[in-house]
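Just one chain is shown here, as structure tokens, and it is the form predicted on its own.
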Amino acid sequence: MKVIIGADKDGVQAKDELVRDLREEGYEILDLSKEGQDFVDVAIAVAKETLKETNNGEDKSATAPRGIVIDRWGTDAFMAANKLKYVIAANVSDEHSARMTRRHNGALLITLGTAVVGPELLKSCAKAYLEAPFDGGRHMVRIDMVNKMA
């Protein structure tokens, strides 16, 4: 599975550690981080690339690319990413939420804050999100409703 990832200056260390771990586990990584980039720019870049590679988020298969954005709080990137049509982003700080936002919301990407979660919890959240399937069914109906609002 391809993971499209990005971080601002507050998330770059955690992002580098996560990238190393994910590569060791066989994930293909596309790192869109650039030095001096604001969290808004990072979130939009990751969201746009993930949209492009999932046909506007329609591909929710087990192998579809997923996005991860890391900054200081996670909420700022979450708000920025959700401004784009077809993006369903979730700010997560525990494994259960990370897993369930994929299973029930088909989240295109997650955001994580280094001031909220420590390095090990950050990695656990990312892995829970990446390993979770999309449940589809009644959940797709809700996603369609959300997308019609955009």
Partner chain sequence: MAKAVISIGNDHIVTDIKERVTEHLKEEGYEVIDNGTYDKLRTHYPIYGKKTAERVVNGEAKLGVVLCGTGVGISSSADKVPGARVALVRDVAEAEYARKTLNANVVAVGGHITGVDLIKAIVDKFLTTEYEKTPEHDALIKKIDALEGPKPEQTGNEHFFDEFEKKWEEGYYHD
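Numbering follows the first chain given and starts at 1. Note that the structure is a prediction, hence the values are computed from the model and not measured.
Omitted from view is the form predicted together with its partner chain, to which the following refers.
Candidate site 3, 29 and 34: all three near its partner chain in the model of the complex by heavy atom within 4.5 Å:
No, the candidate spot makes no contact with its partner chain.
Is there a heavy atom of residue 56 lying 4.5 Å or less from a heavy atom of its partner chain in the model of the complex?
Outside the cut-off, so no.
Since only the chain is shown here, I'm wondering whether residue 142 would be in contact with its partner chain in the model of the complex (any heavy atom pair within 4.5 Å).
Heavy-atom contact with its partner chain at 4.5 Å: present for residue 142.
Within 4.5 Å, heavy atoms only: does residue 44 come near its partner chain in the model of the complex?
Yes, residue 44 sits close enough to its partner chain in the model of the complex that at least one of its heavy atoms falls within 4.5 Å.
Indicate whether residue 52 is a 4.5 Å heavy atom neighbour of its partner chain in the model of the complex.
Judged by the heavy-atom cut-off of 4.5 Å, residue 52 is well away from its partner chain in the model of the complex.
Counting only heavy atoms, which residues in 45-84 are within 4.5 Å of its partner chain in the model of the complex?
Read in sequence order, the residues that approach its partner chain (within 4.5 Å, in the model of the complex) are 73, 75, 76, 78, 79, 80, 82, 83, 84.
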